[in-house]
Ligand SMILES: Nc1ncnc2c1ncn2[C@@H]1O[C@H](COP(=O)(O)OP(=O)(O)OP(=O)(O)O)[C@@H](O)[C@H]1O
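In structure tokens, one chain follows: the form predicted on its own.
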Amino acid sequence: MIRIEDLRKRFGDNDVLKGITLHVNQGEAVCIIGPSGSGKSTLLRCVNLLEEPTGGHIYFKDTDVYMMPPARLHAKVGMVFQQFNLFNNMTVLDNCMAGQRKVLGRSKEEAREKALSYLEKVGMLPFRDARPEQISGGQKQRAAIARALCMEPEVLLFDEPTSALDPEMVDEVLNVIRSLKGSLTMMIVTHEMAFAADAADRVVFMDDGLVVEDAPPKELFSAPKNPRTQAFLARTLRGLSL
């Protein structure tokens, strides 16, 4: 579904991505882990061209993403951000309808029907008339997930979807993401190791702008092969039971 070949990204003199080659199959949930500054979020932002790569290629179903109209790419490859990015002057329902109407050209009635359906799926239907400042962080993120699902993408990118949440709100968002597994292709940047171990089909460890290790979660967490992966997991998993 997504094929990345020798992807590079430079900001000034800083090489953030140094030649990423990675594939994600249809229906897979791939979690991307690694230390802060390793290029994980930049990788996701390059996949749907929120950042323009410096070099390399990205393909969506064998089509170069540069050859796709931006609106079509963003409809097919959706993204859920750390900071929710909801429109504060709109209700939850209107947030979920806006992109459908503007990008997909759906009628108001069809957009509303889709929005209500996906808000129900993520447990946010009772809050459809609330504005973002009236709901919790976990509820905002669930609304943002519903908004992304309303576009009915084939791939959904999650950029550390729980990093801005209070600890007690993390599980409610992770449970929504778990419920989507198998229904669409997902790339998830996360610091939640237990979630990655439980929900991912594959786990990718990035460090210093490179993919260091790519393996099924049981293999990567129990017997990592690369010394950099071993050192990261020794620090991160201390005291955590997987």
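Quick caveat: nothing in here was measured; it's all calculated off a predicted structure. Note that residue numbering follows the sequence shown and begins at 1.
There is another form of this protein, the form predicted in complex with the ligand, and it is not shown here; the text below is about that form.
- For the residues 216, 70, 55, 37, the 4.5 Å heavy atom test against the ligand in the predicted bound form is passed only by 37.
- The contact residue chosen from 230, 25, 14, 222 relative to the ligand in the predicted bound form is 14, the criterion being a non-hydrogen atom within 4.5 angstroms.
- For the chain shown alone, residue 191 is a contact residue for the ligand in the predicted bound form, at least one non-hydrogen atom being within 4.5 angstroms.
- Not displayed here, the ligand is approached by residue 51 to within 4.5 Å at the level of heavy atoms in the predicted bound form.
- In the predicted bound form, residue 185 stays away from the ligand, with no heavy atom inside 4.5 Å.
- Here the chain stands by itself, but in the predicted bound form one stretch of 177-185, 39-47, 60-68, 193-201, 39-47, has heavy atoms within 4.5 Å of the ligand.
- Heavy atoms closer than or equal to 4.5 Å to the ligand in the predicted bound form belong, across 139-170, to one residue only: 160.
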